[in-house]
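In C-alpha cells, one chain follows: the form predicted on its own.
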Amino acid sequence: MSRVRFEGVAKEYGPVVALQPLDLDIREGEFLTLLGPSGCGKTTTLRLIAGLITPTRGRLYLGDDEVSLLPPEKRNVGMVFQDYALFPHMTIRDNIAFGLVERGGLDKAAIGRRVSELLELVSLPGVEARYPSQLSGGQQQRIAVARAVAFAPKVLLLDEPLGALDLKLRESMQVELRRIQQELSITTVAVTHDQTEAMNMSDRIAIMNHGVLEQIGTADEIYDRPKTRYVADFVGQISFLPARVSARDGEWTVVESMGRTRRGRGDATATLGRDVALALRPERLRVVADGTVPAGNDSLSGTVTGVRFIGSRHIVTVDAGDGVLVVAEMSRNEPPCDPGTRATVCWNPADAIVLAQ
C-alpha cells in the first residue's frame, strides 16, 4: 500500500478547467471517497491517479515516487469500474488471474493458490469455473475487486463501483467493500455522487465542486461542521435562514435573522454586517404545535405545508414566510402536525451553523 499526494495538480482541456490546482494528501491505508455531483472534478482526480490522463501542471506522488507522467501500467494501481469490465468469455478464475498472467513471474500452481485466496477474501469460494453471466451483480462486483487486487497494487481505485446495483444490494455491498479494504489494509480512493455510500465506507470524504476541493474530513466533520454552504447543502438535508452578522461573543456568532437576534457556531472569520446563512439540520429541530419553546432554545413560527411519513419518523415542512422553508424530523411517536396549521420550530443555538452566503 502507499500514500497518494497531489502538489498543485491541475487539469485543463484547452479553456476548460476540469481540476483547479489541488493539494491533497491521501494517507497510507485509508479509504478516501471523492464526493460530488457530475462535473465536479472527482473522476478527473481518480483518472489522474490511475495515469489515464496526465496533469497540466503540478506533481503527483505514489509513496515517495513522482508518477505525474508515468503510464498506467507502470503505476501498480488496481481499478474497479462501474460496469466491472469483466471478460465475458473468460471463467472467473481466468478473470482474476488475468493480471497475474500478464505480469508473469508466477507458475500455474501459485496463480491457482492466489485465485483461491482471493475468492475466500470476497466470500465466493468455488465459483472458479463459472462465467460472469452466471453471477449476480453483487457477485460480479466482488470478482472485479478480487481481480483488481490480485497483484497487490499500491492503491485501489473505485469508480462508482456500486452504481449499477439496486438499493438493497448497494447497502450490503458497502459493508462488504469496506471489509475487504480493511482486511487488505490497502490505500483506497473511491468516486461517488451518493453521500450515504461515502459516509458508510470512508475514513475521510473529500467534497468536490467545479474542480475545487471544498472540504475534506470524516463523515462527522463534514456533516456537523461544514465549512461552506455548498458542503452543508450537498451532504444531508438542511434548512437555511437568511442572516446578517451583528456581533461576536466568544465562540458564538450573533446574527439578526427573520426579525430576531440569534446565535450560532461556525465561520469565526465572519465580519460585522456580513450576510450569512443560519443552517439547521432537520434532526436537530423540534416542532411544537402549542408554541411552547423549551428554555434556552431559539425558535421560528410558521405554517405547516407538508408532512411525509418515512418509516421511523415524519418529515415536516414549515413555511416561515419570506420564502423560507424549514424542514424538521419528528418521531412517529410525537403528536402529529396537520398541513395548514400553525407550528413553532425550535432548536438549541449550539446546533445552528453560521455559514458564508
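Note that residue numbering begins at 1 and tracks the sequence as displayed. These numbers come from a predicted model, not from an experiment.
The same protein has a further form, the form predicted together with a small molecule, not shown here; the description that follows concerns it.
Tell me, which of Gly58, Gly39, Gly29, Gly63 has a heavy atom within 4.5 angstroms of the small molecule in the predicted complex? The option sitting close enough to the partner is Gly39.
Among Arg114, Arg75, His193, Arg93, which has any heavy atom within 4.5 Å of the small molecule in the predicted complex? Checked against the cut-off, the match is His193.
Considering non-hydrogen atoms and a 4.5 Å limit, does the small molecule approach Cys337 in the predicted complex? Contact with the small molecule, no.
Could you confirm whether Thr317 comes within 4.5 Å of the small molecule in the predicted complex, counting heavy atoms only? Although the small molecule is absent here, Thr317 would stay clear of it in the predicted complex, with no heavy atoms inside 4.5 Å.
Would you please decide whether Ala18 lies within 4.5 angstroms of the small molecule in the predicted complex, comparing each non-hydrogen atom pair? Contact check for Ala18: yes, within 4.5 Å of the small molecule in the predicted complex.
If we take heavy atoms and a 4.5 Å cut-off, which stretch out of 325 to 333, 300 to 308, 284 to 292, 39 to 47 is in contact with the small molecule in the predicted complex? Of the stretches listed, the one contacting the partner is 39 to 47.
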